[in-house]
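The form predicted on its own is given below as one chain in structure tokens.
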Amino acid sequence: MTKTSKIFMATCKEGRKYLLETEAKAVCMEYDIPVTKFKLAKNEAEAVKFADAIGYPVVLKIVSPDIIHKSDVGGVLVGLKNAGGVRKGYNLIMKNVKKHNEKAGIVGILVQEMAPSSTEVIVGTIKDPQFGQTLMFGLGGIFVEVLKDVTFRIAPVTADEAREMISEVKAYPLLKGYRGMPPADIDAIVKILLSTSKLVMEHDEIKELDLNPIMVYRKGAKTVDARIILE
């Protein structure tokens, strides 16, 4: 049995549909979807230890089956530059979460590398009742939130279809490099689309998947946040 299958079985056994972010990123890693470096800290000392090992600046995020929208409850802190900031941040997040829901089950706090700013893209899937697993691609920020600049394909997709998806978005010139912006690694995006397609085809129990944002660089890419919902 694969690691992904074990994670999905354990999630269902606990009566959850949402994977914890640590679980979602573990699934990504098994399918060669690049993610930012991370460790799950169970206490303040571990948070500092992991931050030192990962390298500053870091991001802290609450990991709880009872907290879905982490930012809304003060469960996310970014740009922490030293051990003192991590200590204060760890305790502040715990205080914020308990204030929001004192009965929330807390697994720990995710210590994650802060990916350098770059071109942001989104890869997602949704299981359509008629067409089955459907793959989505778009640029991040205003392009997806306001302009709805996204494109879709029914999974599975080929490498050529993945490239077509990328080229179809209106903001495609930004990926090629525009007015001083460095070109994005299109091959890296293609690989993520193919890996995501493979994941949902091998695990039809996935209802929704969001990799958002994915930071794409001149060479390579890193998934910052990952969300998976099961049927």
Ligand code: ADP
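The model shown is predicted, which means the values in this text are computed figures rather than measured ones. Numbering starts at 1 and follows the sequence shown.
If you look for the form predicted together with adenosine-5'-diphosphate, you will not find it shown, but the lines that follow are about it.
J.: Counting only heavy atoms and a 4.5 Å cut-off, does adenosine-5'-diphosphate in the predicted complex sit next to every one of 71, 114 and 227?
T.: Yes, because 71, 114 and 227 each have a heavy atom that approaches adenosine-5'-diphosphate to within 4.5 Å in the predicted complex.
J.: Using a 4.5 Å heavy atom cut-off, which of 126 to 134, 153 to 161, 88 to 96, 106 to 114 contacts adenosine-5'-diphosphate in the predicted complex?
T.: Selected range: 106 to 114.
J.: Between the options 47, 28, 59, 189, which residue brings a heavy atom to within 4.5 Å of adenosine-5'-diphosphate in the predicted complex?
T.: In short, 59.
J.: In the predicted complex, does residue 20 have a heavy atom within 4.5 Å of adenosine-5'-diphosphate?
T.: Outside the cut-off, so no.
J.: Is residue 78 a contact residue for adenosine-5'-diphosphate in the predicted complex, using a 4.5 Å heavy atom cut-off?
T.: Residue-level check for residue 78: yes, a contact with adenosine-5'-diphosphate.
J.: Consider residue 11 of the chain shown here, and say whether it contacts adenosine-5'-diphosphate in the predicted complex, taking contact as heavy atoms within 4.5 Å.
T.: No, no contact at 4.5 Å.
J.: Taking the shortest heavy atom distance, is residue 36 within 4.5 Å of adenosine-5'-diphosphate in the predicted complex?
T.: Residue-level check for residue 36: yes, a contact with adenosine-5'-diphosphate.
J.: Heavy atoms within 4.5 Å of adenosine-5'-diphosphate in the predicted complex is the criterion; list the residues of 184 to 222 that meet it.
T.: Going through 184 to 222 in order - heavy atoms within 4.5 Å of adenosine-5'-diphosphate in the predicted complex - the hits are 212, 213, 215.
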